[in-house]
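The chain below stands alone and is given as structure tokens, in the form predicted alone.
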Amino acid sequence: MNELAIPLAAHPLPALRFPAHPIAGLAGTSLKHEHLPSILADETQRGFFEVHAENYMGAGGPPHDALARIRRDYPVSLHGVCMSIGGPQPLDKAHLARFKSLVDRCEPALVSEHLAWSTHNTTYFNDLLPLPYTPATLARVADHINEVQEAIGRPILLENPSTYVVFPESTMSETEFIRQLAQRTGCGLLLDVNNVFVSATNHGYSARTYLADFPLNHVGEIHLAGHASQTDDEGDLLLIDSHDGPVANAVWILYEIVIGQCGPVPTLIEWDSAIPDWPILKAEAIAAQAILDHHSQKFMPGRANAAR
């Protein structure tokens, strides 16, 4: 008998440990331990929280207790930062197993990783490094994405990078590379609007032109963050994706353009250093939520989107 014809009841899903809170149309923030008391005491809090997977790969203890308290009342987005999906070497099997265990443990609404490499042999770097956009790289990254998705039993969202150098070996644009990855693997996309602005400024192209060519129909989550301004060795402006301040006005403008085209996609405010008091971070999420709510009336419930 064809397995596809077996009644659904013959394949019961495992019981969920946490409520399946909806995440569509919500704005959220990074979960920081110093904010936990304020969050738990905030009866007006609306939205979701995102955590970096590598901070919760231990067996238990206070981090998992805190995450469980949040997960009972809010949707959670799990964001990996060390899988090195874009790297030239095979994925770290032990790291992938820990990642899967965490997905099973916290039952996140969304799971994401970066289009980047961050390891060399057994060394893990603190940076998300760029890669050349070539057919060979495309095939390798697609294989890695498929391996991750097979391991955790669900699609992931892949985040576009912020970049500071380009490879002369590249034979396709970043947007075409990302489009082909989504088509080959069935993964969704995490569109980091700040990364788009940072890369466009650093390399001298139009952020709006980039977004016009980005496969927005595959976007399941959006990131917004602050960036820092420096100058390079030639004295030219150089933006750094620093996550240490409020979202810039130019990024808010780009964000509203995106939401106007693809609807109220779950949106995260990233703030990972120089972390402010909770009311300041919450205010950034409230600003994103206002934009999501403003545009939500234009889109029918159930609109095709990787996040819903």
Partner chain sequence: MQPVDQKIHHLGNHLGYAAGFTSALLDPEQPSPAVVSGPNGKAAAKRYNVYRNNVTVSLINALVATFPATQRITGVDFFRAMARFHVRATPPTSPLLFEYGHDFPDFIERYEYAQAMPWLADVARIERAWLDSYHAADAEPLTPQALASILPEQLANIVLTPHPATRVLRSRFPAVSIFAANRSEGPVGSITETEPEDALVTRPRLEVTVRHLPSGGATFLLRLIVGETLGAAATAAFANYPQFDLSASIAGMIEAGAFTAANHGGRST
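Just so it is clear, the model here is predicted, and its values are computed rather than measured. Numbering follows the first chain given and starts at 1.
Separately, the form predicted together with the partner chain exists; it is not shown, and the next lines address it.
Using a 4.5 Å cutoff between non-hydrogen atoms, residue 68 does not count as a contact of the partner chain in the model of the complex. Although the partner is absent here, residue 37 is not a contact residue: none of its heavy atoms lies within 4.5 angstroms of the partner chain in the model of the complex. None of the heavy atoms of residue 227 is located within 4.5 Å of the partner chain in the model of the complex. Contact check for residue 208: every heavy atom lies farther than 4.5 Å from the partner chain in the model of the complex. Put simply, of 102, 157, 128, 142 only one has a heavy atom within 4.5 Å of the partner chain in the model of the complex, and it is 128. Note on the interface: of 264 to 272, 59 to 67, 43 to 51, 244 to 252, the segment with non-hydrogen atoms within 4.5 angstroms of the partner chain in the model of the complex is 59 to 67. In the model of the complex, the residues of 206 to 240 lying within 4.5 Å of the partner chain by at least one heavy atom are, in order, 230, 231, 232, 233, 234, 236, 238, 240.
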